[in-house]
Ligand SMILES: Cc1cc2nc3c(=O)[nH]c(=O)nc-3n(C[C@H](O)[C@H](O)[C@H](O)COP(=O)(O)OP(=O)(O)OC[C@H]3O[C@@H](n4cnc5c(N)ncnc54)[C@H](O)[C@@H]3O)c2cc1C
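Consider the single chain below, provided in structure tokens and representing the form predicted alone.
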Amino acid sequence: MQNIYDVAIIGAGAVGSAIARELSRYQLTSVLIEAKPDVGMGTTKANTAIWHTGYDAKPGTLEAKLLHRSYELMKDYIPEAGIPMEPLGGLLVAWTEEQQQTLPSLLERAHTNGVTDVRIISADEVYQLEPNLNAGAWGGLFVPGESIICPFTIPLAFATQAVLNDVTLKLDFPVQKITLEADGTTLVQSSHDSLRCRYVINAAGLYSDEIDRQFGHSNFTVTPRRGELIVYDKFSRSLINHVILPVPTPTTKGVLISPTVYGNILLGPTAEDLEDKTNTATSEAGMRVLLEKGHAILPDLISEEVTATYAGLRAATEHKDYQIRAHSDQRYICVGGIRSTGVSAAMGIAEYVSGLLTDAGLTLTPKAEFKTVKMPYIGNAGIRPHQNAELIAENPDYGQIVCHCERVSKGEILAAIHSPIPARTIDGLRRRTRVLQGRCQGFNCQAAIVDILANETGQSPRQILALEDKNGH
């Protein structure tokens, strides 16, 4: 007879993985379902890698509330889990008199949202903080709490901790049909597998509206909003000291220029509503817009070398707030419309959802033990394995560099392949270790990485490369 899970979470991005982690605290049988072959492969992996304070969220919204709560939770979790983060601060720059006149209202909004260290600064102060910015700034808003973070480690940390605390992870499980059974359970089916559960949490991101409709609801429609970005070489890193933010518009937070925890500079994103939920291709028009805006903000950036370009899709809806609803009669919770703030709000959303589950009748009894997790560090601000003499003395593989652009060792690659949520693809290794993310984009190291992956997993090099092509890399 098929086991019946207490809770099934659909979608293993930052939000779904955070919910799985939160529920793993309790005496439940939970399963985390993901359509793709790894966690964090949807909206989460292609965001702007900013840990937001929520200073500019619309006051009174659920988004504002959960961003604020999540920020407090993440203050403790980030160091505990070893997630790469740098608290650089954000600088919102007003380039016109009209934008300058919006700064007091943005300051008031920040203070209403509980972000009280935000302050307006003069044009002179803007250039003291960022001397390489283009001339013509009227002033700015300084947001000390904005930080840069690793968007890859976040969902992996949440999901790994969930697995270590006995949550079942089912990958390659694209949900095709959901049936509410007469006995009160729910049957969740893919083309090749199925499971039964008592409660369902829909954290399916771009596909959350489609899952919602299977439960008979039509409260929102996801319109994928494509954001294209440019990654500049590490030699550009000295051009800026903070996250350079634009004055937000009703449609988007706008194009920013930000350092990354890997030592690059990021320019983007664009904001273009599409119909195709799989279209993550970059476009000539998008790149042109970014280059023009980047040059207007930071003129020296135009002469820097580009390492990579990419695009991500945000789960935008016709509403200006999160679409989180509990349908207690169906034992179903929808977590939709999270748009671009999922990484920052994930822990707050997870805590909120656990409360909705309690209200819906599920008893949450804490476990006697809740195991913590410490993730491999892949940022630039801390000590990497190839810099750790003690680690190399214990295991010489950590001193054998395979990816020279990003200084990734064989030891890191092997650890990722044999981790609690093992990397089984090149893309999985890329997000866990930084291989192939450097200026050569794998030209020098891909053959060696494929060889290691083949030897450790039993796949053939041809299978590995075919899967890479299938996933769009």
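Here the structure is a predicted model, which means the values were calculated and not measured. When you see a residue number, it is the position in the sequence shown, counting from 1.
Separately, the form predicted in complex with the ligand exists; it is not shown, and the next lines address it.
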Here the chain appears without its partner; judged in the predicted complex, the stretch of 230-238, 169-177, 361-369, 116-124 with heavy atoms within 4.5 Å of the ligand is 169-177
Would you mind picking the one in Gln437, Thr48, Ser409, Thr425 that has a heavy atom within 4.5 Å of the ligand in the predicted complex?
Thr48
Though the ligand is not shown, can you say which of Ile265, Val222, Ile78, Ile211 has a heavy atom within 4.5 Å of it in the predicted complex?
Ile211
Is it the case that Gly312, even though its partner is missing from this view, gets within 4.5 Å of the ligand in the predicted complex, heavy atoms only?
yes
If we define contact as a non-hydrogen atom of the residue within 4.5 angstroms of the partner, is Thr43 a contact of the ligand in the predicted complex?
yes
With the cut-off set at 4.5 Å between non-hydrogen atoms, does Ile10 touch the ligand in the predicted complex?
yes
Within a 4.5 Å heavy atom cut-off, is Arg339 in contact with the ligand in the predicted complex?
yes
May I ask you to list the residues of 318-333 that have any heavy atom within 4.5 angstroms of the ligand in the predicted complex, in sequence order?
none
